[in-house]
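The form predicted on its own is given below as one chain in structure tokens.
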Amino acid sequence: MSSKLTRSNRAGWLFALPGFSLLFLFIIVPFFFAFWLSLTNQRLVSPNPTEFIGLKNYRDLLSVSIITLEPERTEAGEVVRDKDGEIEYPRVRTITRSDEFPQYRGMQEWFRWQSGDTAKVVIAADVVFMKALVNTLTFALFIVPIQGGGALLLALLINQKLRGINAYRTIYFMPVVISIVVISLLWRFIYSGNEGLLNNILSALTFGAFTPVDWLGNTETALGSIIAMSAWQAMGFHMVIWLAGLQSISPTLYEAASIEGASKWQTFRYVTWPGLRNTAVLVLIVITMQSFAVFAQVDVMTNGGPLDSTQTLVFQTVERGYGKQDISGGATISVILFLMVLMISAVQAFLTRERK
């Protein structure tokens, strides 16, 4: 019996060996190679030899501080105000370029807020990276519920025995199989501020009262526009996963709920949703990982603009690694992104684990 079990385990490991080899070669090895590059000053093309610099790249990306600016005052001690009545403060560069504060040297203003007469200013060693980090987290925060919830709604709608339902399934899934570059170009025309389809539709619905908006050229709407397009584009893929989960639920459970007089909401809450638990975990983790890897939409639609309002971590990785030939900087962002996704996925797996 023991010999038979050993042979069975050996066969299992042999079948799994190709998969483990691919994971090792294309995930584990590149990660450690990227980690090593992040500890150096490696450039794509440079006459200077590569040097080991330790955690300097991480400090250059992640260093953030808060400084307090006191208002400028006249000789009489009165607060100086501009022509609009706003309090005037010293320029941040008087601190970040001063030899008196070497810990702030080279840092730039990220954002500020006012507390009484004083101003609290957040400065960062790399403001663009911080914007990319916040934009990526914002993208993931919105895309997960919108895309996951929308896909579930579509799956519930098409999980019916109706004539022609397969045609609707195909239509909903079509954006998934079309190239994301083509989709992004199409939506660039839809979002156009001049003769864009969206502006024309909104203008027609409001009988000309709507003022056209440059959706991708406005810092307040650019990221939201990309989120809306991305949620629509991949919704069909997750719809198929939800649909598979719905069809795995036993029909006898619905018959029992109907006999007990359960409403549609009660049936969904106590029968459908518990049966979709494992599917929900899968969809949640997949959408989260995909949302952190957003790149093509940003590259095609806005190129990170306007004013860095649509910068993302993956876009920054490519921009620095190949655009600026800063291989070590791109590798550092890759390592940070990998650790973030790993940590968030671990937290999601822990929170959604099956409890006895």
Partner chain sequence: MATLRLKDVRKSYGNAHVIKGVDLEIDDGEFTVFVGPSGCGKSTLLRMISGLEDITSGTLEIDGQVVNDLPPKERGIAMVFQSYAIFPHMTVRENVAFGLTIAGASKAEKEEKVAEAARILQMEHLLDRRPSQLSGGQRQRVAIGRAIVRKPKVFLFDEPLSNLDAALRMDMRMEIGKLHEQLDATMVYVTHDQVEAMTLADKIVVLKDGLVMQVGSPMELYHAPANLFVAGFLGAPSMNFVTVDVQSRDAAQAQVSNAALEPIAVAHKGRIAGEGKAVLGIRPQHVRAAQPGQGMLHGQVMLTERLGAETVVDLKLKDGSKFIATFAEDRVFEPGESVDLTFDPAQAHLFAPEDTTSAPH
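Here the structure is a predicted model, which is why all the values come from computation and not from measurement. Residue numbers count along the first chain shown, from 1.
One more form of this protein exists, namely the form predicted in complex with its partner chain; it is left out here, but the text below deals with it.
Of the candidate stretches 194 to 202, 211 to 219, 256 to 264, 170 to 178, only 256 to 264 has residues with heavy atoms within 4.5 Å of its partner chain in the model of the complex. In the model of the complex, at least one heavy atom of residue 274 sits within 4.5 Å of a heavy atom of its partner chain. Remark: residue 270 counts among the residues lining its partner chain in the model of the complex, judged by a heavy atom distance of 4.5 Å or less. Looking at residue 74, you'd find every heavy atom of it more than 4.5 angstroms from its partner chain in the model of the complex. By the criterion of a heavy atom within 4.5 Å, residue 252 is counted among the residues contacting its partner chain in the model of the complex.
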